[in-house]
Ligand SMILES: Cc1cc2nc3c(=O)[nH]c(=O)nc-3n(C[C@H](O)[C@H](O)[C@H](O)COP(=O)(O)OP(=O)(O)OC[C@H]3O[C@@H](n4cnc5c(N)ncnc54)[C@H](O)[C@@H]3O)c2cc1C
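This document opens with one chain alone, in structure tokens, the form predicted on its own.
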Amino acid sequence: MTAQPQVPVLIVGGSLVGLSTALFLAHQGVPALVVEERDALSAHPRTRGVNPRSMELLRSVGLAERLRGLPSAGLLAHNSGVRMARSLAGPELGTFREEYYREVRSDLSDLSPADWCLCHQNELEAVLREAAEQAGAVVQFGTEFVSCTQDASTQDGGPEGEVTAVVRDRRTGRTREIRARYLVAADGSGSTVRRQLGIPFPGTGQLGRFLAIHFRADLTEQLGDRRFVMCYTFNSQVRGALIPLDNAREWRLDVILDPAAPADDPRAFTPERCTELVRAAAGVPDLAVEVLGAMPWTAAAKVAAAFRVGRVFLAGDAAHVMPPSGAFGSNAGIQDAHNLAWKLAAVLTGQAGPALLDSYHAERQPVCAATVRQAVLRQQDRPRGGDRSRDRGLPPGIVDDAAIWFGWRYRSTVLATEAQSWLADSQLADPQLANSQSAASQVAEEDGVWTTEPLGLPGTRAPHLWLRAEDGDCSTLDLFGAAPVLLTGSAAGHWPAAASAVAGEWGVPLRVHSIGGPDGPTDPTGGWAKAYGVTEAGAVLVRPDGVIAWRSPDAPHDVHAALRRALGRMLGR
């Protein structure tokens, strides 16, 4: 067995989430090593929906336009909505419409600078890999994770210690040791890392069985000028979802399998049988079909009991699995990666204490569990046979898609409570404002994870507004990313000087943007203070991941002390 020098972060799994983690780490200045047991990236299109929140994150590392320029993104640029029909060529039964459902082409400009990107996962992963490697990450294919051990004295994840992983070259069979400060397990729902650590993975293991058939057939005539995301097909021969991959010849059909049939019976998936199912869904009995592949899969709903054990972290399907309804699964994994990357970087550089790493589980696990529930509720509410009541109200427990994308609220020890925010220095200049902000926090507390109007609450995503800078319009979200940011208003007062002093005391960069101030971007709509729940004399501390860590609705009597406490808490120090 050979060994190699220590790496800052070892990532097990080189698919969507592992590559996203490597990319976000690289943009924080941390070069990661990714090991992937496959010989190359998958050629299967698989999932294809990058939701608006994930596009915000990928936009922050400069990939938004590259993704929109991908071949599949161009072909699917005008697709939106869900249809129901007996078959593609047969009569339509209706369009899926519910209060909570936001179509892909919904106008989100008031909520985000980004919107959906429909692109095939294999194309997305190729872009992520290239960008991560260009930024300093190393990706090694054909490398199988075998086991890992942690330094027993440093499992709290402190500044010293390491995790030692054993990996095997699948071509030669040789093993070697890799020493890393931290390990991220992005090795899928059957995660070897998670199982070896003994982390429970409770939930429902089988909500439905499906067969994904990837095929080519000329359905241009049957499709016509329709451009949908998917079409549920219901007839005596097949029940499933027909998904266009290029709006012409390349398609995917997800067939609902009989739960009583033997699982993974290869006889059920012959090319001949797949062709029969495709013809039934298309409504063309003599359709010429080329079956490119058929893959059985199971919808499940599970969340790991712990997202962190010592120096090892779970992300993506290793931490949670959910039905595809809503397209939340892979997007939740990208958001895991983004939440974790800046925290690892801050601890590795000595800017933050190890307590910051505890916040990964505290923040992501409840949000992921709530997201899994939303995916399950959506699967249960999807059309069955196309017979739906138009008078039915909002299904109990389901929240709006936009709330899931933008309206979650984290809670952890490194985030201020609302009381800690508005009691920044025992008294604010405007006590009435403090009382109103406390009331807003109580409403959010009653709602749990989801908040329909975050209004700048600590633990929520910093709201998007369009600003005007010297080099053109920008979103407030464009101000965040590399380092913590302090937002102030036109009456910034002592905040900039306090930020400079506090940054020096803690030894971290802290950028200040005074919106509407002499040197800051302007606010054409005049809405930034209301959106962030402050006055023009207040301030908001935003983490590198765009999450509000703390705010002071007005200027406290001791600006320096209030900001020093807030930044120290955010850094786990």
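One rule holds for the numbers: they count along the sequence shown, beginning at 1. Computed from a prediction, not measured in an experiment: that's the story for all the values here.
Beyond what is shown, the protein has a form predicted together with the ligand; the following relates to that form.
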ask   = Is every one of 76, 220 and 246 in contact with the ligand in the predicted complex, taking contact as a heavy atom within 4.5 Å?
value = no
note = Among 511, 66, 59, 46, just one has a heavy atom within 4.5 Å of the ligand in the predicted complex, namely 46
inquiry  = Going by heavy atom distances of 4.5 angstroms or less, which of 102, 252, 338, 343 would be at the interface with the ligand in the predicted complex?
reply    = 252
request  = Specify the contacting stretch among 304-312, 281-289, 185-193, 406-414, defined as having any heavy atom within 4.5 Å of the ligand in the predicted complex.
outcome  = 185-193
key: 4.5 Å heavy atom contact, residue 17 to the ligand in the predicted complex   = yes
ask   = With a 4.5 Å heavy atom cut-off, would you call residue 358 a contact of the ligand in the predicted complex?
value = no
task = Give a yes/no on whether residue 328 approaches the ligand to within 4.5 Å in the predicted complex, heavy atoms considered.
result = yes
inquiry  = in the predicted complex, does residue 400 come within 4.5 Å of the ligand, counting heavy atoms only?
reply    = no
key: Residues of 32-56 having any heavy atom within 4.5 Å of the ligand in the predicted complex, listed in sequence order   = 35, 36, 37, 38, 44, 46, 47
